[in-house]
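Only one chain is shown below, in structure tokens, and it's the form predicted alone.
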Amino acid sequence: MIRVLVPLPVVLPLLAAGLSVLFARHQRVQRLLSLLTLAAVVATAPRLLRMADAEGATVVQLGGWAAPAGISLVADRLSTLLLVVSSSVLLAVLLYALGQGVADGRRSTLAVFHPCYLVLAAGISMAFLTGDLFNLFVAFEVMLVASYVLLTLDGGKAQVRAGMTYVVVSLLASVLFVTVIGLVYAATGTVNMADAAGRMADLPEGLRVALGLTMLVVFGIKAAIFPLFSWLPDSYPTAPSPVTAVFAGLLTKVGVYAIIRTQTLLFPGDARIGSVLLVLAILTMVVGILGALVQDDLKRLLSFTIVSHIGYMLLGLGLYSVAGLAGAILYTVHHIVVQTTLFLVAGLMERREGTSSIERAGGLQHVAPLLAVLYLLPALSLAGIPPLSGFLAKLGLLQAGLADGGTLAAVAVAAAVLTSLLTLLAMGRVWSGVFWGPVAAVVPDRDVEDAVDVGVARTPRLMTGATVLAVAGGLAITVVAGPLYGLSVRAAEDLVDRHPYVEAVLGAEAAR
């Protein structure tokens, strides 16, 4: 049974994507196929999480080839927790896309949305579950191919230009990733992360630090950390809203997951890399939120907040303590849901008002009070207002930073507090510009032939319902924050003590 459940989040979406291509002219079949597939993954992920939490990491060696020669899928607490959150977000955004009509493929005889969306889901699951560097690279490439098609779904010049920027930067990161994989293999003779974890200790210190920093650059581009984030604010806002939402919530977090996994497993406790991470965390938080404050477009503003809040996760990793890592894990879970929700709300606003400009919109609370509530709750959570999930996750990180006692950690804590206040200012600016004041005139749709309708002064019930579901997910994190933090602490303990992970992959005998 285990051998079936662990690969299911990867295999099922890939099979469904193939079938979806065959049914390209039967969009009702495509929609049903996507919904059933993602619902099955959502149903499977919690069971994998319960199994990992109760019994430790579960490993499946594909093809019967034992590690390190074969392909290992590892379902531990961290990977399955992120699998639960990501699959739930993918399902909610799919419902939103169906409501908006993006998934209908109106401009094309071949509906490409569903196959690409399912391939993207498979790539995300594979990135979380894979136990070796090469298949992590494959997962990133699978996500890149699917995300480029989704990013340019509308086919406009702006989308293609943004997509090219995204692809060029991603390909440069891929070349660097392949290079570092080759270097790791040359130095250790393996790309299996559990196997490499033991062999890294035998390498010269300078080489080990160089490999660690190079991997940080590779995954830092994916995660959009300072100074490698410039591609993100130019790429995400041009895509259709559901695509932007799923990118904002998940793709950068896959990069964060890769940083956490590789730095804790392959380069544990290196003080120099830890210091670099703390400096990057400070710069990412401050520069990102300063960029957000000067934006007029809501989607660009939210894109800069993605960058800024990645810094919180780096802060927890840079502390390299159980408390710091637990805070980073809880913050990652919170941020996936909240950031996705805010982009869904931005899509609803654009659908209704015909623009995402903060200056051109106004008075939405009078004509769409539910939309105002749907914005306010995740916005306050992102800013860290008690008792919402953002406050609880930040509190855990700040306590971990103060417990560290170092000067750099103290500066990072101060930067985190400042960033939280500036985030509240940015969210308040959106509130006063979009929802407060007199009601602004609806901006007519400039291109009625494109994939989505905007400026219709209303929103479809399915889009609103999916956003309500996402907001409820954010509130649920607050309600279960205690047990969730306990789970994050156990996942963090797994990261600090690498031995159970290595033993689960290689076996007790080989791990010695």
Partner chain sequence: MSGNLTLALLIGVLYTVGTYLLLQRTLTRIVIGLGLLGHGANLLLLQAGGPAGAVPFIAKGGSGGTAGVVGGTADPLPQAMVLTAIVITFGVSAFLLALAYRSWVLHGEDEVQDDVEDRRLVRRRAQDDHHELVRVVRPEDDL
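All figures in this text were calculated on a predicted structure; none of them were measured in a lab. Positions refer to the first chain, counted from 1.
In what follows, reference is made to the form predicted together with its partner chain, a form of this protein that is not presented.
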Handout entry: is_contact(A186, its partner chain) in the model of the complex, heavy atom dist at most 4.5 Å
Key = yes
Exercise for the section: May I ask you to state whether F391 is within 4.5 Å of its partner chain in the model of the complex, using heavy atom distances? Expected result: no
Problem - its partner chain contact in the model of the complex: G156, any heavy atom under 4.5 Å - result: yes
Practice task
Tell me, yes or no, whether W431 is in contact with its partner chain in the model of the complex, where a contact means a heavy atom of each within 4.5 Å.
Solution key: no
Completion exercise
Answer among 202 to 210, 294 to 302, 335 to 343, 261 to 269 for heavy atoms within 4.5 Å of its partner chain in the model of the complex: the stretch 294 to 302
Handout entry: Selected contact from G363, P227, P387, G182, since only one has a non-hydrogen atom within 4.5 angstroms of its partner chain in the model of the complex
Key = G182
Completion exercise
Residue within 4.5 Å of its partner chain in the model of the complex by heavy atom, from L370, A410, M164, V217, is M164
